[in-house]
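In structure tokens, the next block holds one chain alone, the form predicted alone.
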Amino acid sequence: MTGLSAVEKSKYESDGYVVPSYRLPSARVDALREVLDNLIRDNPTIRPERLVSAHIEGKNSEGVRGSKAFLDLARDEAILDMVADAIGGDIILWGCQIFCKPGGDGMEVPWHQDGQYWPIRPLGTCTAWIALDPSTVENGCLRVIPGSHRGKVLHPHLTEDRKDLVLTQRAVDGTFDEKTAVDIELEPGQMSLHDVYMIHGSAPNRSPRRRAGVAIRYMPATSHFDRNLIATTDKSGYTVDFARRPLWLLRGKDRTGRNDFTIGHS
């Protein structure tokens, strides 16, 4: 068994994020980078920052042609051990998105809370953000506001009418102090875990170096993925179809008895 150390678990609980000492083997990162290159080639009309549900083999209901290689990554036992320390031992996989910012024109992700977009009640998710390329300040690494998850409050967001953003909803001014932001720089194979209420974002990539990572979304099976809560929409900046989004119970039991694990599976 792997998992978070006591210090790492304490940091996740207090700050809302952690960079574990664990990292993927370099050979696996290289293989995943090759899969990503194929995904980008197979989805020529979709920005590489918006490859949603990339873990679903073939073309999904959200318009992306994905790969089972990312589903296999989401099932990785070492990652699940760490996620279990963050949200408990009953774990549901419900999402996986590639955030790949090309060098020179990689798009900005505005400050936001993930829970603003998701039909999960009670709201709960741990996101594992796994770097496939070096992720640095220069190429637009993830930025977080430590402690912004405390109190489990969803702050007001406004909708931006801009074409240069990955997501269109932004936390309103005054919600947080940007001077407290922490840049999460990662080497390939390293990862961060962050809480669903964490305020985070990332700058555009103006450097010549690509920044690619995969965000895997895990919810506790004490929560319900309510497919009727949010209609199929492109309000976030790209199409999401929660009505047909498949779920996988990866560990434990569905404690709510209400999650449907048949929808969206072939």
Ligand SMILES: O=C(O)CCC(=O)C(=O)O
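Just so it is clear, the model here is predicted, and its values are computed rather than measured. Note that residue numbering follows the sequence shown and begins at 1.
We do not show the form predicted in complex with the named molecule, though everything after this point is about it.
Taking the partner from elsewhere, R217 is found to have a heavy atom lying within 4.5 Å of the named molecule in the model of the complex. The named molecule is not shown here, and in the model of the complex it never comes within 4.5 Å of any heavy atom of D85. Put simply, H194 is close to the named molecule in the model of the complex: some heavy atom of it is within 4.5 Å. In the model of the complex, the named molecule sits within 4.5 Å of a heavy atom belonging to V109. Residues of just one listed stretch (152-160, 111-119, 176-184, 71-79) have heavy atoms within 4.5 Å of the named molecule in the model of the complex: 111-119.
Contact annotation: of the candidates L93, L142, A171, A131, the single residue with a non-hydrogen atom within 4.5 angstroms of the named molecule in the model of the complex is L142. Although the named molecule is not shown here, in the model of the complex the stretch 71-110 places heavy atoms of F99, K101, V109 within 4.5 Å of it, in sequence order.
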